[in-house]
Structures are given as C-alpha cells and as structure tokens.
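First, one chain by itself in structure tokens, the form predicted on its own.
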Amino acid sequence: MTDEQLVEQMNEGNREAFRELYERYKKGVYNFALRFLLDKNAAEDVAHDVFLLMHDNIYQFDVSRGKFSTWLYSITYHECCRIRKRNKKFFLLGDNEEGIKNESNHNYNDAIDLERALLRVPEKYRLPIVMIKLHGLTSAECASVLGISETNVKQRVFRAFKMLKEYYKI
C-alpha cells in the first residue's frame, strides 16, 4: 500500500494506517533529527512530536504538492529548527559506540567514520547530503523542505562532497 493510500485511510479514521506510516518512517525521522541536532534526547523528542503533528495535521497533506515523505521530512526539519532555537545548547556525541549510526549495510566502523566526517561539514552543507544521500529525497524535495532553490541544494551538495574529500584526503 502506498503512503498516499495510507494517508487517505488515516483521514477516514483508520488507526492501522497511522501505525504503518509510523513504522515506515520512525527510523528515518529519528535519524534525520539526530543528524541535524546532534543530540539523542532532542532527536527522540522531535521524532515523537513529528508523529503527533503528522497525526493531528494529516488532513493538510496534499498529494498534488508532493510526496508524503517530503511533507513528513519538512515537518521534521521545522521541528528541529524550533527545538534548536528554543534550546541553543547542543553537544557532539563523541566517540562512544552509541554514536550516530548509519542505517545502511556498510561496515559499522566505516559508518561511524562517515558520521564523524559529516559532523565536520557545516550544517547548511550537511543537511542536503543527509536528506538526499541518506534519506532518499530528490534535490527538488530537499529544496522544498529547506526553502531554497534546487540549484542552491546542488551547490551545497557539491561543496559538502568537496569538504568530505578533503577530510578523507582523496
């Protein structure tokens, strides 16, 4: 069943549809918030709030304006911005094994190394890479979430990769 069909069922009061969307996106929303805020507790709070907001505002989703995932990540982005603005105190996760994990099938140590490299990339360049390469959004969807042009997204991704190459000395 597609996301859009589940949204339609949610609008008709189907609780199972909400559970299905939650299961599909809980890891992605949490990981996006974690990579944005760099704080596990704040990321958990954001993920919780995002799904409450999704539930309460599902009627606002309009399939003619884009994919459900773009709408959901847009909510996540704006919640992260709200949390960051409210709590200006965030910390890096450090070197513990509970650090940010990549959800792909890469070697665990390689994933941790990539996360450390990404943390060295300034946020305005890191977020488009996270959205596009790790969460599967298109450049246009990323631009919509961030409120910038698609050209600007592509420029930021290019600059981020340049910074990552310098980190890895490629």
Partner chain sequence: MNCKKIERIFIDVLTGEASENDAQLVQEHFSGCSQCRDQFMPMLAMNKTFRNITQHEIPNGYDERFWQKLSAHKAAPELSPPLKFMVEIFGTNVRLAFISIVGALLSVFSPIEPLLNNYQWNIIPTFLLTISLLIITFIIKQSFSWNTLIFYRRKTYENK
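Residue numbers count along the first chain shown, from 1. Here the structure is a predicted model, which means the values were calculated and not measured.
Separately, the form predicted in complex with the partner chain exists; it is not shown, and the next lines address it.
- At the 4.5 Å threshold, heavy atoms of Asn31 reach the partner chain in the predicted bound form.
- Taking non-hydrogen atoms only, Asp62 never approaches the partner chain to within 4.5 angstroms in the predicted bound form.
- Contact annotation for Lys85: none of its heavy atoms lies within 4.5 Å of the partner chain in the predicted bound form.
- Put simply, Lys124 is far from the partner chain in the predicted bound form: not one heavy atom of it is within 4.5 Å.
- Looking at 33 to 64, the residues that come within 4.5 Å of the partner chain in the predicted bound form, counting any heavy atom, are Leu34, Arg35, Glu44, Asp45, Ala47, His48, Asp49, Phe51, Leu52, Leu53, His55, Asp56, Asn57, Ile58, Tyr59.
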